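The chain below stands alone, shown as structure tokens; this is the form predicted alone.
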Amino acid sequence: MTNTDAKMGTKAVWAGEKDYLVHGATQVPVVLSVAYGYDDMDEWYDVAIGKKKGHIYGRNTNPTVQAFEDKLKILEGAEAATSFSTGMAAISNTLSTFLVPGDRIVSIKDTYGGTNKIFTEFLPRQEIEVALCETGNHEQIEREVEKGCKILYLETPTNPTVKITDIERMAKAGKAAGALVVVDNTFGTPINQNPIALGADLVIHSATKFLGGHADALGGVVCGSQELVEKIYHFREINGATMDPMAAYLILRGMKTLHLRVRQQCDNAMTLAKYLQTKEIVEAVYYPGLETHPHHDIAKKQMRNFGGMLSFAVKGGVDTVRDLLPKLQYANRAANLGAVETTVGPARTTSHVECTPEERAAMGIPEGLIRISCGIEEIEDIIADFDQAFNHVESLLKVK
């Protein structure tokens, strides 16, 4: 696909696939071969050193995987992309590529639990200084960046409280300090938000989530300039966190409907968020599309829509969560998000299961918080489902 002016939905269907079609097929094949043979020794060598396009060994590159990478780089408006076995592999490999003992990284407190563990547990072991700022406190982040750092790492919207950081403002601060600006765009998706266009150097996705959309394939990806991505690719090819070709195929297939799924998920999330605000048992609703959200104006500026993720806190904490969630008929109670089915779960068993209650509290995550990944179902059915579940909980409270 060469028409870069095509709209996002068209790119999601067509981008990055034509070069990989064979025998007149209209779909990218799953290439499961581990190795690729050459009769010409000079050609083999040229491919091996990157002088000529081609494939040598599955840990390095694969045609199906490369088709996925090409599609994603076009959607994110990047020069290059490289993929990984999981989203956490994408994050950890990217950080490991650029950070060495003595370096400093600045980030926010509200990152995904696994990312937070890298910041609080693993990087300090490597004598890398980590400064975690209050999410949304742009002045504090700027002050910490001005002190010097190798990487400014952002996640927006955050998981699970969907807080928003001004990417353009923070990118300017990072660039002024000579830092690499890295943004986790898993919740945003390229349909709703393009961090590179806002000044970021690198954008990361857990492809397992919205990109794949069907909860049946693990993957991660990093997009950015050719120079930066080549460095990350080199680290990954040696350390081996390679994306599986079948996973690449499944995610590619899922991405063809990405714009349709995300559109419906965003609509459902907004309607559900407004409904939850009407429930007396709900203490707080977190969704950047609501005008009551503290970062609504920033989200409105940098996002095309507000995403399919929201969360809410209930009165009664964990006890209410235990009573409420099992009653839902149209929601998977599982540690995943971005799928066509609505998925629910408390942060204590999903995004921040690795953290202690004290650590979650320090991040502003109440134990009674429920994360919702809206699916593509008819929203009237989802609201009716939540209604009957809330009625059940309210009846229990009257008995008590």
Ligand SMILES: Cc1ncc(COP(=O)(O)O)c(C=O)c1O
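What you see is a predicted model; the values in this text were computed from it and never measured. Numbering starts at 1 and runs along the sequence shown.
Below, we refer to the form predicted in complex with this ligand, which is not included among the displayed structures.
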### Query
Applying a 4.5 Å heavy atom distance criterion, does residue 209 contact this ligand in the predicted bound form?
yes
### Message
I'd like to know whether residue 159 contacts this ligand in the predicted bound form, with contact meaning heavy atoms within 4.5 angstroms.
### Response
yes
### Query
Would residue 194 show up as a contact with this ligand in the predicted bound form if we use heavy atoms at 4.5 Å?
no
### Task
Answer yes if any heavy atom of residue 257 is within 4.5 Å of a heavy atom of this ligand in the predicted bound form; otherwise answer no.
no
#### Entry: Proximity to this ligand in the predicted bound form, single hit among 132, 282, 215, 88 (heavy atom within 4.5 Å)
88
### Message
Under a 4.5 angstroms heavy atom criterion, identify the one residue in 165, 186, 107, 93 near this ligand in the predicted bound form.
### Response
186
### Query
Does every residue of 112, 219 and 337 put a non-hydrogen atom within 4.5 angstroms of this ligand in the predicted bound form?
yes
### Task
Mind telling me which stretch in 122-130, 290-298, 151-159, 169-177 gets its heavy atoms within 4.5 Å of this ligand in the predicted bound form?
151-159
### Task
Taking only heavy atoms into account, state which residues of 45-77 are within 4.5 Å of this ligand in the predicted bound form, ordered by sequence.
none
